[in-house]
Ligand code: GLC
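To begin, one chain is listed below as structure tokens, in the form predicted on its own.
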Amino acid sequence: MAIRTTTLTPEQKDRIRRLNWFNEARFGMFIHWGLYSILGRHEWVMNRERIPVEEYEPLADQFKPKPFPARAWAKLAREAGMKYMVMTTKHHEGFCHFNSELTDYCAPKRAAGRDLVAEYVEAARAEGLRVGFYYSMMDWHHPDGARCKKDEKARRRFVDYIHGQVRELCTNYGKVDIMWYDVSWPLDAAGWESAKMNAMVRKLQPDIIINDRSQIPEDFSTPEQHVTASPEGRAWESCMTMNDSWGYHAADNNWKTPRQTVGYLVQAAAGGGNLLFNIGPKADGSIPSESVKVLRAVGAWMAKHGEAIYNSDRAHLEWLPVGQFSVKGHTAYFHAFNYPGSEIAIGGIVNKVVSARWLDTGEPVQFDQKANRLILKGLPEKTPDLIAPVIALECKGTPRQVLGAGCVVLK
């Protein structure tokens, strides 16, 4: 539905402008990579195992990734149908992948000997992908990272450090599309001076969008490990792991299937949101083979059915036992995840359906529509797509569905 921009403030109009590409993209790649990748026991290993700083920090002298691993990440993201990437520039462990003048605990000054964020930006841009920076405000390595809550001098030093690094990220790498903050423990928005920090970010990067994890709503919401739509009119993005860990975990084999992944993606698109799907590279930067297999399968599905995902609208349609909808304009896309065979019955469509077609081939689908029931007929007995075949229904008006007594077809 078009937004009446004449009634909006200049700030609201600018937000719509900055979010335009994001709302079209629908699918992105998250990358969690750090010193924890060496240990291979989850990205929270330093905290959960209570590894002291003096024992953990020497990992920085072992972290020697192979040349330009981000090129493989970006290539896989593009093949999967993703439109943007978000990489951990600094996770909670405090180690920075970028060249920082504020610390020696960063890749260019330790064993890696090079700026890994610069490599990532170059790789993403080469594949035509938008660039996002993840940055954890919490820091287990910095001496003021915890005591800043009760010590004002420590707070001042730590906030200046955080703001200074955010400034570096927004200054040294050309255009940045997303600032993706994480964990704002232990301060509140006032303590972090988040409004001041984000104003700086916007001054340096006028086209950037900012998430909601600096304790200010900003541009978009970030539900984690579940797909839950934000209120209509609010941009949102669900971030999810491919197994149960964000960082590389050698023993975590609970991988999502391509079918599950597409299900989450369709659910996000139907709610007018995005799916930010994570890979956890190994210490050398290589992608676990299981992740590659899943994303290539998703990419093959997206190559045939991406029309139903990109630039989708919020769907005012219900779930059905055999599948779910996404919507764009006057077209309702039915994703038959539980394909029933030669006929599919859809209840409650209140629009007149003008035509139906297989999305991947364009071949027409026979249908009958009477009162509150649409029957798609003459379908193959076996599913034509192992993940989910998609049937596009062209409707008169914006597709709507009402399930219950008294539903009739609108003429």
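As the structure is a computational prediction, the values presented were derived from the model and not from experiment. In case it trips you up, residue 1 is the first one in the sequence shown, and so on.
Not on display, but discussed next: the form predicted in complex with this ligand.
Undergrad: Which is the contacting stretch out of 151 to 159, 84 to 92, 194 to 202, 125 to 133, given heavy atoms within 4.5 Å of this ligand in the predicted bound form?
TA: It is 84 to 92 that comes within 4.5 Å of the partner.
Undergrad: Though this ligand is not shown, can you say which of 367, 44, 68, 358 has a heavy atom within 4.5 Å of it in the predicted bound form?
TA: Here the answer is residue option 44.
Undergrad: Tell me, out of 333, 277, 246, 120, which residue has a non-hydrogen atom within 4.5 angstroms of this ligand in the predicted bound form.
TA: Contact with this ligand in the predicted bound form is made by 246 alone.
Undergrad: Is the gap between residue 79 and this ligand in the predicted bound form 4.5 Å or less for some heavy atom pair?
TA: Flag for residue 79 set to no.
Undergrad: Given that this ligand is not shown alongside this chain, does residue 251 nevertheless sit within 4.5 Å of it in the predicted bound form, heavy atom to heavy atom?
TA: No, residue 251 sits far enough from this ligand in the predicted bound form that none of its heavy atoms falls within 4.5 Å.
Undergrad: So, residue 115 and this ligand: in the predicted bound form, are they within 4.5 Å at any heavy atom pair?
TA: Output for residue 115 is no: heavy atoms all beyond 4.5 Å of this ligand.
Undergrad: Within 4.5 Å, heavy atoms only: does residue 182 come near this ligand in the predicted bound form?
TA: Yes, contact at 4.5 Å.
Undergrad: For 209 to 242: residues with a non-hydrogen atom within 4.5 angstroms of this ligand in the predicted bound form?
TA: The stretch touches the partner through 213, 224, 239.
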